[in-house]
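This document starts with one chain, in the form predicted alone, laid out as structure tokens.
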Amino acid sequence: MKILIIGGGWAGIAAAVEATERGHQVLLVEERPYLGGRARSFIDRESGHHIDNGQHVMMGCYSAFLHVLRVLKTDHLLEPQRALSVSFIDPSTIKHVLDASALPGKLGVVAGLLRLSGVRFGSRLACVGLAIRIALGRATGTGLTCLDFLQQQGQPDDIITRFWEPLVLATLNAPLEKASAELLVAVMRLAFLGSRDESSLLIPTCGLSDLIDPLPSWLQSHGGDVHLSTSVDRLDVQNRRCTQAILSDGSVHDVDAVVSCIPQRALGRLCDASAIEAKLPATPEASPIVSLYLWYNEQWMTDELLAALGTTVQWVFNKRRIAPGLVALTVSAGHSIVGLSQDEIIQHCDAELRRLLPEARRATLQRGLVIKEKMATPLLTPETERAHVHHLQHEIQNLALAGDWTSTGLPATIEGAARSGIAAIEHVVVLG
């Protein structure tokens, strides 16, 4: 089969690898001049450093994502933690560490939660109790927001503030009062209640684009092709099947199946141009992520990463591998600051760092860079309708949907996108 994959984000990348491994010929078309979607890196013109378009935390449970890297032989560019370890810090400047290294797998996470300082022991017990109920399938969160679910499950305010809220912001990119509790439960089962390797964080030692740099040549060596800076202008449909794709460069390609890995609005435009009558789910509200890079005159940060509590800044990453003194900051669900100017954001977040971390106070800020992703992820609430892989099958039999906005069972993450791409290939291959 010749399979057209529209979109070169992680859904399209995983779909291309899956289809190629199954022996099919792949044509991957991406309208931007790069692959990776929002999970990419670029060269900062002023410093010459390769930096990411926002920070992405990967975990050992990212099986679909890691399979792609193993195929491309870039998995060695991720440095795994020995076991899950995250330091939390608040304006008291005292660090509290969640360390799961004492015992293997789920037991290590449980032990880490029970030893987490800065939270009352009764609150820690309540947290562990909920984790056990989630693991046993006795707490599902169906139809609830994260806040309603956590309160329903008897979680005290201190454990919500110091554990659950940072987790929800980091993985769901949404505030507690809006985020879907079903997705929080899915994250807990996948990331924190598996083996030690599955729950450990993976620290990239390179730019995100380096992880997928071999993909075009790998596809070409297997009979496929990649068209960058190119869009699919129209699909020709005969008897409810896509038969040809007309690209923006004027080329026409016969196809046996199509996997769309583009956002809803773009898919809607393509359907209109192709005279496909598709009723897609309503496009959900977007949730922004604001990322910062701050260059200091000296290397002051010792932790690999820190979770910040009670501040606008939520995560602090040590980017010493790129340049001594460089740190990256992340503000998920960043509605409160996305409208500020770059200088305002830099000054505000630098001041917060200095209040949180005494060692930062001796360093001089040389420069800052702000990256605003105003439409970083869909805001996935309990009411959000997500399209299934076969959503357009009634209109077009050989067209499947993928992307982090579809019904992946996971939040809008790299892993969720990658899994959706694999599922879409399985679907169109079965249909033949």
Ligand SMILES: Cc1cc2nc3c(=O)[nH]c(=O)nc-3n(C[C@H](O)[C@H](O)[C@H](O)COP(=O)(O)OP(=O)(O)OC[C@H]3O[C@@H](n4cnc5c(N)ncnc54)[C@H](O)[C@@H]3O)c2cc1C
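Counting begins at 1, following the sequence as shown. Values in this document were obtained by computation on a predicted structure and should not be read as measured data.
There is also a form predicted in complex with the named molecule; it is not shown, and the following applies to it.
The three marked residues, Ile89, Gly325 and Leu357, fail to reach the named molecule in the predicted bound form, with no heavy atom of any inside 4.5 Å. When the named molecule is considered in the predicted bound form, only one residue from Gly54, Pro382, Gly60, Gly368 comes within 4.5 Å through any heavy atom, namely Gly54. Interface residue among Ala257, Cys146, Val109, Val232, judged by heavy atoms within 4.5 Å of the named molecule in the predicted bound form: Val232. Stretch 372-380 is the contacting one of 359-367, 66-74, 43-51, 372-380, since its residues have non-hydrogen atoms within 4.5 Å of the named molecule in the predicted bound form. Taking non-hydrogen atoms only, Ala266 approaches the named molecule to within 4.5 angstroms in the predicted bound form. In the predicted bound form, at least one heavy atom of Arg32 sits within 4.5 Å of the named molecule.
Although the partner is absent here, Ala387 is not a contact residue: none of its heavy atoms lies within 4.5 angstroms of the named molecule in the predicted bound form. At a distance threshold of 4.5 angstroms between non-hydrogen atoms, Ala15 is out of contact with the named molecule in the predicted bound form.
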